[in-house]
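Let's start with one chain on its own, the form predicted on its own, as structure tokens.
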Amino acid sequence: MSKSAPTTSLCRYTDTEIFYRDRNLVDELLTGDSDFVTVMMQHILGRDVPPGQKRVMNAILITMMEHGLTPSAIATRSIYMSAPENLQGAVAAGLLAVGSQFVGTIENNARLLAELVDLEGDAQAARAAGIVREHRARKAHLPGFGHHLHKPDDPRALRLLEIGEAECETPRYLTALRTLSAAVDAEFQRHITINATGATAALLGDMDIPVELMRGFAVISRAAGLVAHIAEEQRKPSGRFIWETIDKAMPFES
């Protein structure tokens, strides 16, 4: 028996019409009532998006767009210096750095919160304490917590959590994050900030976005930021300076 051909539900078109899922691009989406964030979420998630979730997602995308000269931006500027005819290649190079150590830590934290959301009260607090002890015993970084610059709190996280708490009707992931944060502070006997990726993980979780898709929204947001780095690179080139600075700073050792 032959297998059925795969299908798609994302796009179809005729000689005169184009559809995103079941919505007519020209007659419905390219109207004054449509906006990119809503259409993007509808297209990715395959469902309608409440206004509160649109506001939360908009805040997340703005927050994640720009983080300065991080590895992704340095990679983009370096590749653009080497191949200025290939803007998309430079952006792609930067997006490859969205991983388990930078930006993609959203996914790491969300997996921890997923262990807590179905628990309540003492059971949730006990499991949170266990997670923290396990990470400390392995001397492993606890994703979503700590920041090399922002102390005692990450201002981005504070505002994201504020927005999430105002817009989310059932903040299960936000509650789990607060519980985990309390366990972190108790274990280390001092306050450790919830960083922006930790807050983002909770907000995406409370929008019922699968953990496996969360990094995708980081990619969407960071792509815009990397285009901005290329725009600045075109006006004020820095790629060669970055290269020469590293070349001079790292001595040869046989």
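Each residue number is its position in the shown sequence, starting from 1. In this text the structure is predicted, and so the values were computed from the model without any measurement.
One more form of this protein exists, namely the form predicted together with a further copy of the same chain; it is left out here, but the text below deals with it.
By the 4.5 Å heavy atom rule, the three marked residues Gln124, His141 and Arg178 all fail to count as contacting a further copy of the same chain in the predicted bound form. Contact annotation: a further copy of the same chain lies within 4.5 Å of heavy atoms from the stretch 81-89 in the predicted bound form, the single such stretch among 81-89, 116-124, 168-176, 130-138. Taking the partner from elsewhere, His43 is found to have a heavy atom lying within 4.5 Å of a further copy of the same chain in the predicted bound form. The shortest heavy atom separation between Val219 and a further copy of the same chain in the predicted bound form is within 4.5 Å. Put simply, Leu29 is close to a further copy of the same chain in the predicted bound form: some heavy atom of it is within 4.5 Å. Taking the partner from the other structure, a further copy of the same chain in the predicted bound form has a heavy atom within 4.5 Å of a heavy atom of Val98. Using a 4.5 Å cut-off on any heavy atom, the residues of 197-213 that reach a further copy of the same chain in the predicted bound form are, in sequence order, Glu212, Leu213.
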